[in-house]
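This document opens with one chain alone, in structure tokens, the form predicted alone.
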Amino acid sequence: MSTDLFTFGEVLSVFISTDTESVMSAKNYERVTAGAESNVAVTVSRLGLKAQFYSRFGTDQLGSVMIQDIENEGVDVSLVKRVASFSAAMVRNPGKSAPVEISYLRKGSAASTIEPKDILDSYISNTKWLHTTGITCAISKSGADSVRHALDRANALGVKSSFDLNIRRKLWSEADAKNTLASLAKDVELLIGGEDEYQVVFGDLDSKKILAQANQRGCKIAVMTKGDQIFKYSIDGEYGELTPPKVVAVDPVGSGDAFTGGSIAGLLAGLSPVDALEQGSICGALVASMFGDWTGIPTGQLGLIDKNLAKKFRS
């Protein structure tokens, strides 16, 4: 089966406190499924394209329910493997009136055992786009090797790819992140990262210089985000800025992945890079305006959000 997007990485069952703003005092929790790469796959699927996701899950019930959640969003999960380990989880507060505080339960998880031989050439050659992130690199050495392998094979097979720096400081140090990610942030169609993440990986504070350097390293579209503030980009050496839609932020977690998924879908649909990034910013804003990683992701057709919705946000 040919797909529009193939991606892989770790998925977590996220337990969010519902009765208080602190895990320290909470008694009740809501469980949702989330993960950077699966969030992108769900966004692409919601926008009417075919997304395929791979990971290793434990043989536990959390693994089963997460696979079902992703499949319910129209994402192809036929490639996933079940292994004798546990499925990862995260515990956090809702972040409505206090900063989000996260506790991970993921070291040694099933997904951390992903290895290069899991990512077959056929998975990549049968898709139009490969998406990877630095999070998979952070969870284990074999995860990092798998990302490197996938990006190398995509280049060899002529498949467009994207890489999201996505530094998770609870998983590794900035020094370790730079050592690994600096060699991966090259030769992709789309490179995405926060301003602070670019600074860590490229070792510079000048945004224009960093983005120009990314272009010189073979990243056709380099995007530097900064939450809900103006984001910067450079496309084949042409620098520009875009102001994302202003919304009342309810839960920013997952908005960056919606931005990435919306941008990729737009590019696959034939939008210009700038228009694709604008579509991505609308998707990100919608997710930030609602509670949950997937709740606000818009639906669409053939990779494009509804025209009336786009018009509303542009105005």
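On a predicted model such as this, the values are computed, not experimentally measured, just so you know. Numbers follow the displayed sequence, beginning with 1.
Just so it is clear, the following notes concern the form predicted together with ligand KDG, a form of the same protein that is not shown.
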Which residue, Lys220, Lys186, Arg168, Lys81, is the contact with ligand KDG in the predicted bound form, using a 4.5 Å heavy atom cutoff? Arg168
Identify, from the list Val200, Ile119, Met90, Met224, the residue with a heavy atom within 4.5 Å of ligand KDG in the predicted bound form. Met90
In the predicted bound form, does each residue in the set Thr3, Lys128 and Gly300 place a non-hydrogen atom within 4.5 angstroms of ligand KDG? no
Partner-facing stretch of 212-220, 104-112, 67-75, 141-149, counted where any non-hydrogen atom is within 4.5 angstroms of ligand KDG in the predicted bound form: 104-112
Please determine whether Leu286 contacts ligand KDG in the predicted bound form, using a 4.5 Å cut-off between heavy atoms. no
Ligand KDG contact in the predicted bound form: Leu267, any heavy atom under 4.5 Å: no
Considering non-hydrogen atoms and a 4.5 Å limit, does ligand KDG approach Ala36 in the predicted bound form? yes
Heavy atom to heavy atom, is Ile135 within 4.5 Å of ligand KDG in the predicted bound form? yes
Relative to ligand KDG in the predicted bound form, which residues of 253-276 have a heavy atom no more than 4.5 Å away? Val253, Gly254, Asp257
